[in-house]
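Quick setup: the structure tokens below cover two forms of a single protein chain, split into structure 1 and structure 2.
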Structure 1
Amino acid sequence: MPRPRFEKLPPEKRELILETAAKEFAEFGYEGASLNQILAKAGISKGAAYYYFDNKEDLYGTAVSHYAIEMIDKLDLDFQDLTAVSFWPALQTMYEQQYTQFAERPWVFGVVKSGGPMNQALLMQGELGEFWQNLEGMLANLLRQGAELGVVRHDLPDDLMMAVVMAVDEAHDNWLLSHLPEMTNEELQAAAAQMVGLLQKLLAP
């Protein structure tokens, strides 16, 4: 996680550094990304960078945390009054919102999927740890709600259901990332329907 001096930078400077890093990681992957290129494009020296981050991995983790949390915060999620009829359409709407965000700023999606090191300690601490806990809690509640409405199966252990959803989501995201540059709005909506269709086939009773 970034050092305290990073948080004291003006917001626009912090955003410039993180956006520059995210674009580099998204384009070249974690291994191929150049820390020197990131620093040069962001207009900071290598010496100054170590006032803000421990190393390349620290910068990567900060960028992923920042944009992963931002993506979820921008979604309009309201699953309080779902019915058996509205459950799957509401889920599709959520994916449509998410995929629209991806198309508007593909590098945000790219950095989250760029394959850098995210150790377990990093995933469990600070804002990112809270983010993942909230996300997993929301998903678990959504599955339970679906089971209560009779539109999600309840014959499998909760942790297995979670693992299935996360695995399908990851696989579809990786497919989407490779096709995103040429996709139209209609194709993005079709991709959201495709994703929810996969989940429904696996999770419906």
Structure 2
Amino acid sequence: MPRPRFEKLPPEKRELILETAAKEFAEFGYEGASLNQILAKAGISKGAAYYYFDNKEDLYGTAVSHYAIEMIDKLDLDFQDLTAVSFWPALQTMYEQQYTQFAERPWVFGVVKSGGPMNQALLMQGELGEFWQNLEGMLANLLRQGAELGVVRHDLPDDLMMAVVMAVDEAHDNWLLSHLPEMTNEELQAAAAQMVGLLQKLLAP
């Protein structure tokens, strides 16, 4: 939780700090990203940084929350009334939106997903524990729904399925990131289909 005074900063300054932080965390992960580097790149001093945030973890949490909220606002994450027919198309819609709407700001998804397979222990311990439980709950809920609808296998342990889905998601994101400069909008849509195809192959019964 940042200090309340952070919210009173001019929006451009807030966004500069959060965007700089998100880019570093998305690229290097929490441990690998250096607070000193973030501050140097954002052009704020150490004293100012500690005036607005408790510590590195607080900055991380603020960035993750900020972009997760934006992500949730902008993506059609309505997974309420899924049917066996609409399950995979709904997932594909979500990936299309992710890829096309955030193509120029891939760090948005990068930082939100930076809590992926590697950082669970750290994140569960911190202030964002509840947030991450909710996010994992979302994926777990999706897999459970899919199983009930008969479109997702239920022969594997839950934790393994979660881990594999996140790993494939991450691998695909990284692949996409390295090909992003060359991609047209149509190609991004095709990439979403490709990603969902991978998931469907992995997860279908």
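As the structure is a prediction and not an experimental result, all values here were calculated from the model. Residue indices: 1-based, along structure 1. We call the rigid core whatever largest set of C-alpha positions still superposes within 1.5 Å between the two forms.
- The first of the two structures is the form predicted on its own.
- Once the rigid core is used as the reference frame, the Cα position of V108 differs between the two structures by 2 Å or more.
- Once both forms are fitted on their rigid core, the CA atom of W175 lies less than 2 Å apart between the two structures.
- Core-superposed comparison between the two structures: the CA of L188 stays below a 2 Å shift.
- Superposed on the core, the two forms differ at I17, whose C-alpha moves 3.1 Å between the two structures.
- Comparing between the two structures on a rigid core frame, one finds that A33 has its C-alpha moved by 9.2 Å.
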